[in-house]
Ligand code: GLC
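Listed next as structure tokens is one chain, alone, in the form predicted on its own.
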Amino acid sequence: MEIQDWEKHYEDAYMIITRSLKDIRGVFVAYNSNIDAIKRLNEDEIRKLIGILGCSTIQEQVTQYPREIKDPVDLMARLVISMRDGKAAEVPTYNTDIHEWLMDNLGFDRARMGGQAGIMSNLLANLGIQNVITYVPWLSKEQAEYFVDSPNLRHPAVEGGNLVLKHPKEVYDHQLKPKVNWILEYSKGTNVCCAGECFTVPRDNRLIISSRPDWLHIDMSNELYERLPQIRQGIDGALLAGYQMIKEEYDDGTTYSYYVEKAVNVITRLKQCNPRMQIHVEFTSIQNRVIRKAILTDIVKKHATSLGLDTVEVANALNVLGYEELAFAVMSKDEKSVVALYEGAVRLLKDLQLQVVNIHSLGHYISLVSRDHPVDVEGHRDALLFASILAATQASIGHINSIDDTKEGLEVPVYDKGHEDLGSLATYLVRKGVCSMDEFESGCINAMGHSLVIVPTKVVDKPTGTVGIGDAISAGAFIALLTKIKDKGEKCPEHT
């Protein structure tokens, strides 16, 4: 398919979906919101930070690949690794020392809403979804201020024994402190030297230092849990993220199993009267292998309908599920990596008993869809195209404050190299008899046991920023699919 043909598909998908957004009754979004302190690093600032700590010390820690940031040396080691590979990463820290060190030695450019659930909540509200119910277990006064002022964005609370839905600014917890993450962004072409090793950053990306204070819990009060049926009747699906906050052990003696069970109970209660309700889980970088596996096998498997990941997260998921060789192949930079990515998606779809696996990579998006999903392959293609438009908008202007902003993303040209890079996958699928070359070119492939949808994306050459792009992709694809699902399920009794 020629580039102009893809542009026509983009225009058609955009028109159809934007006209249908009003048909969505609502979306429930939980759990993780925080305040992002954002800093775009330049070469002078990188040299300064390296100079403070010393090259040899940092380089020694690079070889150790720290999976938790305990001190500034860990921080700089993970920053060097992320810049060298051009790969986004999210690494936890469990104390406030890093925040204080960065404030003393760097400072941030700006602060904004952070966290997958927080970003997606604001986005959906700005797109005009009529009922966005956001839920944050640690809703502080400062955090509430970062939610957009929109009447369609509300947070549940229990007042006088009754469920109420109010703007977050009206129902925050006065006793809670804010959770602040640092986003260190870097640019393609930046030159870095440390302990005799010099490299040029291959692409724009970022390192996230995720704050995980002791009081952080993926949780829901019993009184709110008991009233979930009242929320359920006004939504068509749920976007769930932030499970990476779960810890193996807590100071009070509880373990991750307790919070995993509570998370599953919430999903079960949401789906109680409509087992087909769309439940999307957004994955992310999870350093702890125990938690990573628990999220996939105990929360996602059988309970979620779809899973969203980027290429690195696919490899991480495959690794913990026992597919180490395939995970390594996904991360290789040769022409076979995209074939491994497809094969890995097939494993995730089957092993986790999902209906949809959505993978976003630079230049192309891939969806693996089970045969029992209610939307056809053309509908899934429209969803990915709409998601790409939102991502291009976010990259172009750095925000999406209204549906009108998304016209900016529509004007971004299709990234022709994105489709060219899929040549290895096309050859593989044709050789295997999965599809013809014409079918591959259309992006819609009916394979044995599942469907494959693959589209070249709109890529901004010099993005304004990278924060929120992945969330825009996942939220955009999700609501686009909701516009195409006509079966809303049965009405639930108010107390079930």
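Source: prediction; values computed, not measured. Residue numbers here begin at 1 and follow the sequence given.
The same protein also has a form predicted in complex with alpha-D-glucopyranose (GLC), omitted here; what follows describes it.
When you measure heavy atoms, are G237, Q278 and A480 every one within 4.5 angstroms of alpha-D-glucopyranose (GLC) in the predicted complex?
Negative, none of the three is within 4.5 Å.
Work out which of the listed stretches, 46-54, 427-435, 30-38, 62-70, brings a heavy atom within 4.5 angstroms of alpha-D-glucopyranose (GLC) in the predicted complex.
That would be stretch 30-38.
Looking in the predicted complex, any heavy atom of V467 within 4.5 Å of alpha-D-glucopyranose (GLC)?
Yes, V467 lies within 4.5 Å of alpha-D-glucopyranose (GLC) in the predicted complex.
Counting only non-hydrogen atoms and a 4.5 angstroms cut-off, does V330 reach alpha-D-glucopyranose (GLC) in the predicted complex?
Contact check for V330: no, nothing within 4.5 Å of alpha-D-glucopyranose (GLC) in the predicted complex.
So in the predicted complex, is alpha-D-glucopyranose (GLC) close enough to G409 to count as touching (4.5 Å, heavy atoms)?
No - in the predicted complex, heavy atoms of G409 and alpha-D-glucopyranose (GLC) never come within 4.5 Å of each other.
Is G344 close to alpha-D-glucopyranose (GLC) in the predicted complex, meaning a heavy atom pair under 4.5 Å apart or at it?
Contact with alpha-D-glucopyranose (GLC), no.
Looking at Q244, S82, N131, N316, which has any heavy atom no more than 4.5 Å from alpha-D-glucopyranose (GLC) in the predicted complex?
Checking each option against alpha-D-glucopyranose (GLC) in the predicted complex, the one that comes within 4.5 Å is Q244.
Which residue, V369, V300, I183, L123, is the contact with alpha-D-glucopyranose (GLC) in the predicted complex, using a 4.5 Å heavy atom cutoff?
Only one listed residue qualifies here, and that residue is I183.
Listed by sequence position, which residues of 108-138 have a non-hydrogen atom within 4.5 angstroms of alpha-D-glucopyranose (GLC) in the predicted complex?
Sequence-ordered list: G114, G115, Q116, I119.
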